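What follows is one chain in structure tokens, specifically the form predicted alone.
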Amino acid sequence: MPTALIGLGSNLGARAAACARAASLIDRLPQTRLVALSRLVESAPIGGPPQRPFVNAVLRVETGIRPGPLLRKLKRIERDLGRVPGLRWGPRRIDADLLYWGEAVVRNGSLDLPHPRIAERRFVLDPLAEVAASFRDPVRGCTLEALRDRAAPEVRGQEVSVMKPVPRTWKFLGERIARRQSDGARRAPARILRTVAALRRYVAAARRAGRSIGFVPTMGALHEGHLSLMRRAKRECDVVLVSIFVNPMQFGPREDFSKYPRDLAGDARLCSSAGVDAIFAPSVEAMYPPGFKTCVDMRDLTEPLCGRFRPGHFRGVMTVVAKLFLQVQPDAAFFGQKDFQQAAILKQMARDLDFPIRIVRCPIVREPDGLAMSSRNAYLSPEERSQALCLSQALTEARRLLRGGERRAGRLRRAMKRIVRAVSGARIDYISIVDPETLRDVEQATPSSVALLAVRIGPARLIDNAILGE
């Protein structure tokens, strides 16, 4: 994919945090991956009224989004992170500029590429040379390192200082990129299997070689939460196999199966970076051929919580996972705790139907601000994504109250509801304190009780949970 270079700047509020938030949102744009970020540098404002120094940085991304649409998405991120139109040279909460997009040269009034003032700003030239020294400016015909070194004396004389210490949120992004790169360099591409016959041949060969198999079923749209399951499987098994299948059976009539995000090529790269050996990516026809009539269902565990609001959902989940278990025949299958009810149901199903498979429930992976990672987070605007923090905040409050001695589950639920209802537009499906085995509501909470909630924010239905004593 083409390389784009994006400049960030902020001099209002928590400046470094605003840059980190913008970088994280850019990393989550479709067909886009953050591959490098410069150090944060501070510089004096140029023009305008007296104001604080700016914190600046440059991002290097790989993106399939064309320049015009990409610039519009950057401006949307600016607005949603609180940038208010004002003085041209005035203070701003976040500034996101498209500096380069591959070798594109555009001059149409609304978009200028390369950005026309690059050579006039040391706070841009230094970070550019840091993340893309050998990248060639398509107009000047030189590398960005040479462009920096040839800057006019008045530009080289501009005061720019590296921000120290490195803010935690910025350091986290750098570690994420480094982990992607180091993992990707060590891993061979995962093999993609399209048919059940090809999958069975692959599994049979692994079995003949005496290798154990770890399995991670997914619907794609992968994120760090999924990758954590794959890395856990890699530690515990010889071969890791991932399924990527958007299962129509688990979508309700008001849930748009066609709009669920799909990016097999991007997902395959992520799987490879996590050490996955093979990906099973069947068609709907391969999983549900003409004449298919059999479903797997369960009483009790499927009725409360999400089962009340998504009738038939867990029947679809159990049916597809049962088929996958029979096709893959893994030694262990790995599921995330974020779908606590689903993991409990599948563990019961494996026990009831005598699947000789160890069900492993892995911890929730969260963003630095506490939001549980989910494929459905991609549906959220930046403002809605900020509102979604009410889920993890409500769980934190329930844990705090339990640690303080409160055991009445009704009190814990009411405290959680107050936090969620304080968010404009948040719509609660349920907030429950349950027994971890039966999934039924309890009156007296214990450290092993589980707090779960499902909340609709904008177009997304989000779930989260916490074991209260952990």
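Start at 1 with the first residue shown and count on from there. Worth saying up front: this structure is predicted, and the values here are computed from it rather than measured.
If you look for the form predicted in complex with a small molecule, you will not find it shown, but the lines that follow are about it.
Of the stretches 395 to 403, 115 to 123, 96 to 104, 244 to 252, only 244 to 252 has residues with a heavy atom within 4.5 Å of the small molecule in the predicted bound form. Interface membership of residue 330, defined by any non-hydrogen atom within 4.5 Å of the small molecule in the predicted bound form, is ruled out.
Taking the partner from elsewhere, residue 335 is found to have a heavy atom lying within 4.5 Å of the small molecule in the predicted bound form. Interface membership of residue 302, defined by any non-hydrogen atom within 4.5 Å of the small molecule in the predicted bound form, is ruled out. Although the partner is absent from this view, residue 80 stays clear of the small molecule in the predicted bound form, with no non-hydrogen atom inside 4.5 angstroms. When you look in the predicted bound form, the only residue of 345, 279, 321, 270 with a non-hydrogen atom within 4.5 Å of the small molecule is 321. Exactly one listed residue, out of 169, 143, 218, 387, brings a non-hydrogen atom to within 4.5 Å of the small molecule in the predicted bound form: 218.
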